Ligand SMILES: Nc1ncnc2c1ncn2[C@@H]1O[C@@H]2COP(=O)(O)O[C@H]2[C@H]1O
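One chain comes next, on its own, written out as structure tokens in the form predicted alone.
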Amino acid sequence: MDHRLPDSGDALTGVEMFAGLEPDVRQRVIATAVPRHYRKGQILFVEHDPGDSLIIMKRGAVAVFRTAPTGERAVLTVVRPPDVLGEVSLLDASTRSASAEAIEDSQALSLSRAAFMDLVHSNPRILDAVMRSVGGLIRRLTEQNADHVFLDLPGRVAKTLVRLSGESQAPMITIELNQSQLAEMAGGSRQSVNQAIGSFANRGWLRTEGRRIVVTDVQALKRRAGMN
């Protein structure tokens, strides 16, 4: 899937955090932000790096993950336009609490912490959007914890695929994600995830094309994941 912001001439279009700003303020933000380009597989930052910037996604997708001492990864979320990442570190001036890797070729804007804090001081209402963003993160983590308790692995795989499909209404949805990355997101071994994918393929819910997964029946995956 090609995830990008609408091409409207304003790089902040659709970004909830900046939706309430006056046009001249938005333009100052755009002028201050630094364009970034990330290749698929490129690391944006790693856990404990300085949290010195907010990253505003314009195109592509970035996986946010934690790494265990054994080297195993657990993917916390996948960020796509028009969402942002790095807001938690900006608020408390601490280091990054997770790592981030582009899982598609991606474009973004990087806004420094100094510029972000100046913006907050001059536009206090932006804090409402920041708090909603942090609240959404907490809800996602709470739901992931519940999924590990109440869903079996195939259910978690199905739910992960539904989330990756986004709001697309297309009859077929292509997900640029290999099965190792899917295993990291669903919290299972690659072998077990491969078995779940094979089972779904046999039922006609999806098919695999190399390093891609083509979802053909989102509703069936939702039912398997126990989603309304």
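This one's a predicted model, so the numbers in the text were calculated from it and none came from an experiment. The numbering used is simple: start at 1 and walk along the sequence shown.
This next part talks about the form predicted together with this ligand, which is not shown.
Legend entry - 115, 130, 153, 76 - the one with a heavy atom within 4.5 Å of this ligand in the model of the complex: Contact residue from the list: 76.
Inset, instruction - Using a 4.5 Å heavy atom cut-off, state whether residue 148 contacts this ligand in the model of the complex. - result: Contact with this ligand, no.
Legend entry - 4.5 Å heavy atom contact, residue 98 to this ligand in the model of the complex: Result yes; residue 98 sits at the interface with this ligand in the model of the complex.
Inset, instruction - Would you check, heavy atoms only and a 4.5 Å threshold, whether residue 120 touches this ligand in the model of the complex? - result: No, no contact at 4.5 Å.
Inset, instruction - Spell out, yes or no, whether the shortest heavy atom distance between residue 93 and this ligand in the model of the complex is within 4.5 Å. - result: No, residue 93 stays farther than 4.5 Å from this ligand in the model of the complex.
Inset, instruction - Name the stretch, out of 153-161, 121-129, 106-114, 81-89, where some heavy atom lies within 4.5 Å of this ligand in the model of the complex. - result: Residues of 81-89 come within 4.5 Å of the partner.
Inset, instruction - For the three residues 15, 38 and 57, verify that every one has a non-hydrogen atom within 4.5 Å of this ligand in the model of the complex; reply yes or no. - result: The answer is no: none of the three residues contacts the partner (heavy atom, 4.5 Å cut-off).
Legend entry - Interface residues of 124-144 toward this ligand, as seen in the model of the complex [heavy atoms, 4.5 Å]: The stretch touches the partner through 137, 140, 141, 144.
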